[in-house]
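Taking the form predicted on its own, here's one chain by itself in structure tokens.
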Amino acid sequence: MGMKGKAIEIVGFTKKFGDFTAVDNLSLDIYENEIFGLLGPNGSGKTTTLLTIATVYKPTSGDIYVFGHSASREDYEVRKLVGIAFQEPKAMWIDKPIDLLNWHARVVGYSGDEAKRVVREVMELLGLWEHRNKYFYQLSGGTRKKVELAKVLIQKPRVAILDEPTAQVDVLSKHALWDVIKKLRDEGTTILIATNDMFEAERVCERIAIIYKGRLRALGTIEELKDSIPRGDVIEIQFDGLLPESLRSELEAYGRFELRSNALTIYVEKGEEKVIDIVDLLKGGGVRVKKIMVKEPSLDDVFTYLTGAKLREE
């Protein structure tokens, strides 16, 4: 990493709502000027963490520091450093994007003319200019998300917090927004993204924390996380009929496997060599193989390997 300073330090952070523990003793550092991802399914504690960094919530115990300022004790200082794009965009139904963003620009310190200039610039960048005078209720979910992201781009905060920034956004816009996020980082902002979209995490984030049920399960670069699966190749086999019990113990000799109705996923080393033996084994047991894939693990596979759960409920 070189000698980068720490932008955010999360130290033994726990957040409870009544008896429910949303985040359980989380500790991690986010370095200046990196794009850092919190990856996990909905309900895993990502949003709670983001909202606490942004001083919306207070920690139950532990603390979070933003450039050395405590989010719990110096919330006023922290708010000056942080901009957040919420998962559910915040606006009144009768707001127009242009008014909302001009107001926001004034709040973060632009004078009138400057505000108009920067708002137009950001709206054009995000493809929002043609929607500027629509009412909020007339905008699609994806367009509302862009208005939310526009607030952060106008502010250019030292730390940008983006909660599922491209959920509900079409594929073409996703790629454009990912480029915009990288550009913001290139201009000096540290970026923290919460997502359950492994493609987003792979495309944008430099380091990732995998979070599940409020706990940190893994932390590292994408390569490090993929290498953390001890048997890293993934063989996926679709078949007809049932898998006889007798074959299960024989399959276990190759590696950890998961069975979902008519699909078999096996984690192995040297997948392209092993796959031939495995197909022979299945055929010998009377299983009709329909489709075979051998691939490197995805972040989805890493997540499933670590937690036994899926990143996204289909």
Partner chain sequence: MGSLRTLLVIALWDLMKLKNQKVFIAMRFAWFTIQILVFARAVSYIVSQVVLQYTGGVEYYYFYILGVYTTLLYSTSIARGYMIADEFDDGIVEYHLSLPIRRNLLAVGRVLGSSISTIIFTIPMMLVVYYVLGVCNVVIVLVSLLSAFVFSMGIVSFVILIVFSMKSTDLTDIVVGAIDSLLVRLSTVFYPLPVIAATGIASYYVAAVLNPISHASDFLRILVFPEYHLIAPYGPVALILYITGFSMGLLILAIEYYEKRLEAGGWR
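Positions refer to the first chain, counted from 1. Note that this is a predicted model, so its numbers are computed, not measured.
What comes next is about the form predicted in complex with its partner chain, which does not appear here.
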Legend entry - Non-hydrogen atom within 4.5 angstroms of its partner chain in the predicted complex for each of E269, D277 and L306: no
Inset, instruction - Answer with one of T143, N196, Q155, T189: the residue that has a non-hydrogen atom within 4.5 Å of its partner chain in the predicted complex. - result: Q155
Legend entry - Contact residue in the predicted complex, from H175, K80, R117, R215 (heavy atom within 4.5 Å of its partner chain): K80
Legend entry - Contact of H104 with its partner chain in the predicted complex (heavy atom, 4.5 Å): yes
Inset, instruction - Answer yes if any heavy atom of V122 is within 4.5 Å of a heavy atom of its partner chain in the predicted complex; otherwise answer no. - result: no
Inset, instruction - Would you check, heavy atoms only and a 4.5 Å threshold, whether T55 touches its partner chain in the predicted complex? - result: yes
Inset, instruction - Indicate whether its partner chain has at least one heavy atom within 4.5 Å of a heavy atom of V108 in the predicted complex. - result: yes
Inset, instruction - Within 4.5 Å of its partner chain in the predicted complex, counting heavy atoms only, one of 71 to 79, 166 to 174, 202 to 210, 124 to 132 shows up; tell me which. - result: 71 to 79
